[in-house]
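There is one chain below, alone, in structure tokens, taken in the form predicted on its own.
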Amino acid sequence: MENWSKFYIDGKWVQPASQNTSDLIDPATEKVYATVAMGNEEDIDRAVKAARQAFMTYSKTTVDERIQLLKKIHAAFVKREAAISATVTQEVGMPIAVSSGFLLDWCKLHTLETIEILRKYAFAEKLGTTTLYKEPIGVVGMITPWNFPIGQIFTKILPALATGCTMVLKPSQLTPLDGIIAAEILDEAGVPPGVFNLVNGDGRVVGEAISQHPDIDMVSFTGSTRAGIQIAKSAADTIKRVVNELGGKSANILLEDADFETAVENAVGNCFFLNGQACDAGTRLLVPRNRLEEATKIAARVANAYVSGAPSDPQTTLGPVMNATQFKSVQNYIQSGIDQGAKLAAGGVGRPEGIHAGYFVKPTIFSDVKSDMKIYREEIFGPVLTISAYQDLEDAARMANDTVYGLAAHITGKDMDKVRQLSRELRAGSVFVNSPDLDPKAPFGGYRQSGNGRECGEHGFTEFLEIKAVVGHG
């Protein structure tokens, strides 16, 4: 991939303004596998100028023109599937079964859904004597995370392209290669010069430049709550729109009538998905008090059956966490759970048996976890599931809502009246009932410190649009 040392600006691969570079570390081997260019404020300014110029014409394209462009993007994506899955597996340690399955399906489903929404979307509507026009907001700065890299890139660029916006993307400095592939896909599809621009770099320099730039109209960020707060502060002086999709500490509630064998297995799988690094994972399993021991035994058995190993091996079901910093953080959380008296049912500190390199964490289950423990309250971002007992559904709702976050919640049960009632009590942006299949129509985003705004589906369009009221239009 010859573009590691270049950025994609104004429809061309160009040399960066500085000579700064960053090594990429394979999380499964701890070895350097690539070196990429790092941008600065000058690179962002050049990209923003290109996006601002392109907005003058792209914002005036027709719906049909944008539909045809999205179709070409879909076709170009399908041609690159093998390269995408292999790249993401190396970058983030995602098991190849996930990167060649769910990840690719996510991107394709959301592309096709975006096309369908665009066909029907009302960019103008009457309201009394007023006509409301929904117009593209302008130049969008996009900052994406490392845990679900190209998936999050597509989540942002698709509605931006559909609504007529132009953009500057900064992917995570830890996973920039799939961002480069995304740029190559858009270039092959014929996205006009300047509509999409890619600058690699870190949050301190490039992310800050995006947040502060006066000609960027909106920042769409996915990542940690800490970083989201800083982006909102940096963007405040220019009064730009900021859409933050941040962290979570989601509850997974099993009702008394749930099939516990299946429900607990699904709960462990949900927590360990993406090697335990999914922001909406149900990391706090809440079960009826009289089922606590049963749930713990099932969870431990399921966790112990996970296979840690090379992410490129189809037999691997749990890869490494992202880097040394993340590994140390997760180890500290596991030790804190032990120190604070939680019952360790599976896993623990250190690497899995037989693994001597890479940032692999033992698949870990804690039971009888109390609400004042760190592992209950803080986002661990690793394959660590806590199990706690509730007295009744009112207690379950109280426990689920006892968090500063509000990204997601999960419920499993057969009595749908109780499930629906409970779902309405939960303060979370998404409530997943009985382990549902992916629905690309569902909006995604959180309450409280899990962020603001929504991504995906029709609601994801609205974040990229401004409302103009023409009063007396007739």
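Predicted model only: the values in this text are computed from it and were never measured. Residue numbers run from 1 along the displayed sequence.
There is also a form predicted together with a small molecule; it is not shown, and the following applies to it.
Each of S172, F221 and L407 having a non-hydrogen atom within 4.5 Å of the small molecule in the predicted complex: is that the case here?
Answer is yes for this spot.
Under a 4.5 angstroms heavy atom criterion, identify the one residue in P176, P383, G93, G248 near the small molecule in the predicted complex.
It is G248 that has a heavy atom within 4.5 Å of the partner.
Which listed residue (K120, R226, R289, K328) meets the criterion of a heavy atom within 4.5 Å of the small molecule in the predicted complex?
None of the others qualify; the residue that does is R226.
Exactly one stretch in 304-312, 329-337, 136-144, 395-403 has heavy atoms within 4.5 Å of the small molecule in the predicted complex; which is it?
Contact-bearing stretch, as computed: 136-144.
Is there any non-hydrogen atom of G276 lying within 4.5 Å of the small molecule in the predicted complex?
It does not: once the small molecule is placed as it appears in the predicted complex, G276 has no heavy atom within 4.5 Å of it.
Heavy atom to heavy atom, is D217 within 4.5 Å of the small molecule in the predicted complex?
Taking the distances in the predicted complex, the answer for D217 is no, it never comes within 4.5 Å of the small molecule.
I'd like to know whether E208 contacts the small molecule in the predicted complex, with contact meaning heavy atoms within 4.5 angstroms.
Contact check for E208: yes, within 4.5 Å of the small molecule in the predicted complex.
So in the predicted complex, does F55 come within 4.5 Å of the small molecule, heavy atom to heavy atom?
Looking in the predicted complex, residue contacts with the small molecule do not include F55, since no heavy atom lies within 4.5 Å.
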